[in-house]
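Only one chain is given next, in structure tokens, and it is the form predicted alone.
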Amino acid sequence: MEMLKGKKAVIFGVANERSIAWAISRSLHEEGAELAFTYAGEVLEKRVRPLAEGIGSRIILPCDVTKDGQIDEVFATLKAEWGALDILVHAIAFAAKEDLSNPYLQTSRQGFQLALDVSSYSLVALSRHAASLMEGRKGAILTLTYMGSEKVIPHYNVMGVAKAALEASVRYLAHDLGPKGIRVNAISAGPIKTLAAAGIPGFKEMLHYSSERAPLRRNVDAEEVARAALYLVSDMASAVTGEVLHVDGGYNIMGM
């Protein structure tokens, strides 16, 4: 079954073969989508390019989402190569290490601005460019968030605030883009061992705590998140927009 046959998708945020974004990419590829990838910097290019080329992707571009010029170049290339776009996956987040290890109270102005710019505003910037390529194609935009946006998670700090802004952006973008037939959704995944997670102090304890208390009594994996992503970007979710779908074994429903 190739439910995404003929669809064009661009993926922002693959870090390595263990990243959630890569699991989503493989899922979309297996269902027939043609994929383009971006990377931020030479170090990530060395990881991303072999993965992308391994599934036949021809478009692999640099993109620092804090630089409007690079965003412009990515979408100019997509327009020239494809002429249109169906799916955008936004899996980008960043906060300075000290802003995760220190109390939130000590977050610097610069650190706050950086986290919000990379982790939240980038969705707005990318969606604005994608919208013109998605008109008339029932486009789908998907981002990744975490429950630290809703509840206090020690050491998640400014990233939790950035994810809260990201989730609010999902709703406002869904409102703005809905008349164009473009859907915008988010997945709130449970803790998964990724490169990004390695930067969060106490992450191993988070994994243990979550697996003990989630209704399913286990943690989730990237492939489970990828299957949820496939649903949200496919026609199966044609009436779903502005939503945050939790894929966390039910952990988010628990009080005590």
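Residue numbers here begin at 1 and follow the sequence given. Note that the structure is predicted; figures quoted are calculated from it, not measured.
The same protein also exists as the form predicted together with a small molecule; that form is not shown, yet it is the one meant from here on.
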query	finding
Location of the small molecule contact in the predicted bound form, chosen stretch of 211-219, 61-69, 227-235, 27-35 [non-hydrogen atom, 4.5 Å]	61-69
Listed residue that, although the small molecule is not shown, lies within 4.5 Å of it in the predicted bound form (heavy atoms), from 127, 145, 120, 185	145
Exercise: residue 192 in contact with the small molecule in the predicted bound form, heavy atom 4.5 Å	yes
4.5 Å heavy atom contact, residue 20 to the small molecule in the predicted bound form	yes
The small molecule contact at residue 92 in the predicted bound form, heavy atom, 4.5 Å	yes
Partner proximity in the predicted bound form: residue 245 to the small molecule, non-hydrogen atom cutoff 4.5 Å	no
Residues 15, 44 and 203 all lining the small molecule in the predicted bound form, heavy atom within 4.5 Å	yes
